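In the structure tokens that follow, the same protein chain appears in two forms, which are kept apart as structure 1 and structure 2.
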Structure 1
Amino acid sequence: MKNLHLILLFLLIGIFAFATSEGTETYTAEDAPWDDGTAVLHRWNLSAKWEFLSLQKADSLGVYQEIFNEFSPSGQFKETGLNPDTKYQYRLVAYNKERSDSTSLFSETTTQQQWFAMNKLPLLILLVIVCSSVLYYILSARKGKELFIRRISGLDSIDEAIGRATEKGKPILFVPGISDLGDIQTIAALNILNQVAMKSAEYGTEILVPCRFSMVMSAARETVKDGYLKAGKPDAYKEDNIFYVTDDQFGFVAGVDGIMLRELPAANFFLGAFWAESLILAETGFTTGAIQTAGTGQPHQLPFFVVSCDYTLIGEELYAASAYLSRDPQQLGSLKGQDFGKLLTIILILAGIIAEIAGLGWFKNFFEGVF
């Protein structure tokens, strides 16, 4: 009997607590954390008897204007575009379908600017790790440690192509893409041009560099001149071999095709940014019997280069070429450090998939906004 009384007592307490929780209605408006003071986070918890809500903000005259009205018993809404260090007043009106009954909940908050966006802390941690790995590999390379970079056949063929041009007594044609100097693919192509110019100077082979833009021509001239200086043959450098053609896309292609048909270069290099003209250039070079090496960061142009050229640098190989050819410690260390960052990213993505399957939501929440 005594146990029955205890059971009834606990049952009554539970019913009272449930009824109390069901009847509790809350609404809060708070400054959004870790931002620049331009957002407010609204949260509410309403009873089941309401079917509609209206979230309203008071204007400068104290009149409430609706800013949100999508109903859910429990939810949140982030209001953006506000002024920092400003006080705002809000009202949440909840009502049923017939609108015969309603309730109003009030809240106010002041937006504040924070010094740090702590929600981006995971990004900072990854940035520090990747930067540290880059510095580590650069220092290791400077100390003489051998850093492995997988073989890139298109770059290994440079000596073969230049050697063939030397044997035939014919020039080398190098096209640094059709983009201006602001394109990173053009910069990558000029880095390779420096190494090709140095090799051609060593072998005594002329190099022709037609350019679409004047800025690219100026940079290419300095690049080739530097290559000849490195080879110890500055007197062999011919400035007129690096020349401007035209800004027009297909006018430039026609000019380059004419050079290939007249000069019959033994080796063609198409490196940089290319678009619709890629197949025209590569097919013309193929008909002349030249060894062709191509490379671009444009994925939709790679198939044309693959089928019509002897060697093709696919995507990122174009950017890694300078480090691969020069073996400069700084470039090698940067490349290895970036590879470590990519490996870390892949590991984190796989760990996130496993965590989601296992129901560990904290892992995704921690890295939210990073990937």
Structure 2
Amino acid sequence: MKNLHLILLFLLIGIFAFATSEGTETYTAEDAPWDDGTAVLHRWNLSAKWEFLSLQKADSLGVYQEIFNEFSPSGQFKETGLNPDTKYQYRLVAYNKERSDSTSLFSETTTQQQWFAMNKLPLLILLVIVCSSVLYYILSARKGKELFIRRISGLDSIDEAIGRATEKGKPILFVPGISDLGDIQTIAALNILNQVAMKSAEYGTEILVPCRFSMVMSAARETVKDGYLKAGKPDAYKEDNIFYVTDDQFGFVAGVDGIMLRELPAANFFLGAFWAESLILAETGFTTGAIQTAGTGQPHQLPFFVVSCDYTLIGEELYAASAYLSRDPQQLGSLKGQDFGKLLTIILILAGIIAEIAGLGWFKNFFEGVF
């Protein structure tokens, strides 16, 4: 009986609290959780009679300046770009339709830096899972486990292209993109260059590598030299064949076009990051009759390579190329680990869609870093 009374009392308090809360207008400004102390989270709940709002922040002189004014009866706004460990004062002013009546609500908060950015937690978890799978496959490959990789036709053509250049007694042209060494596509292109240089050294075919940036040229020289060393022909390496043209995008293209027309390479490789010049390069190569292999991770340039080159490595294939060509267990293991990541992506997307249909919003929120 005593318990029943207590339950009834709680129910009454609850109903009373709910009834009074409907009419209560609230506004709070709080330090955004789990961040670097540069954001404040504003939350408000206004009565139905207001139709405009003005969220204001006090400046150094104490004068309130508007920072947000999109009205909604209840809502939140995340203010960013603030200084950590600083006290801020705010005022929320709500007006009626005619702006003849208004109410002001005040709040203040101090921004604080947190040790961890919890919205990055899903990134950390997935990074650990995928990196672990890469390590697992690398270790498996090292232990001698056979790793299957399906055929990639664009890469099988590389041998054919080098063979054709050898038959014709013409050089090979390799353009490692027009981006600097700070682009992962350039690094992927240099990995392929190593394999192409090795094969061209084996066949005794000259390789020309025009570069847009000095850093790429230096790295390309090291890469080609290494390829010639691996092929056991270090004396055949010619440093002058890997050269700088110009930093200017279209100046570089004009120079490479000239090389294609005058040197008439039998095989052209355009691998790496390309922009507006992709079609100019590939079309010029096409007119010289060279067998052309292109590959880039730039989605907008792929169509031009697809229409004007014999083989095109689409996006991810560019990054897989080095492992595929070298059959190096370490690189193959890394590729298999990345494949696991792709499979995981597909599974998570499917599971997420099912969860969304079932009304379980937390699944998607997790990937958006909202907890």
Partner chain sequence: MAELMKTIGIWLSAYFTLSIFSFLYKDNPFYKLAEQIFVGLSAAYWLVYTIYNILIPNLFNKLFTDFANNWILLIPMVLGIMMLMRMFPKLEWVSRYPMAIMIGTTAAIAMLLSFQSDFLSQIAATIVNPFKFSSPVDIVGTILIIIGTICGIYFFYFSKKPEGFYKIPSKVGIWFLMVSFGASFGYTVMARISLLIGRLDFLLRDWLHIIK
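Since the model is a prediction, treat every value here as computed from it, not as a measurement. Throughout, rigid core stands for the largest set of C-alpha atoms superposing within 1.5 Å between the two forms. Structure 1 provides the reference sequence; residues are numbered from 1 along it.
Open item on the list: Can you tell me whether structure 1 or structure 2 is the form predicted on its own?
Closed with: It is structure 1; that copy is the form predicted on its own.
Open item on the list: With a threshold of 2 Å on the C-alpha, tell me if V196 counts as moved between the two structures once the core is superposed.
Closed with: No, shifts by less than 2 Å.
Open item on the list: Using a rigid core superposition, assess whether V306 undergoes a CA shift of 2 Å or more between the two structures.
Closed with: Moves: no, less than 2 Å.
Open item on the list: Rigid-body comparison between the two structures: how many degrees does the smaller part rotate once the larger part is superposed on C-alpha atoms?
Closed with: So the smaller rigid part is rotated by 15 degrees.
TODO: Having superposed the rigid core, state how many Å the Cα of I357 shifts between the two structures.
DONE: Residue shift at the C-alpha: 2.9 Å.
Open item on the list: Looking at L82, what is the CA displacement between the two structures after core superposition, in angstrom?
Closed with: Its C-alpha shift, to one decimal, is 10.1 Å.
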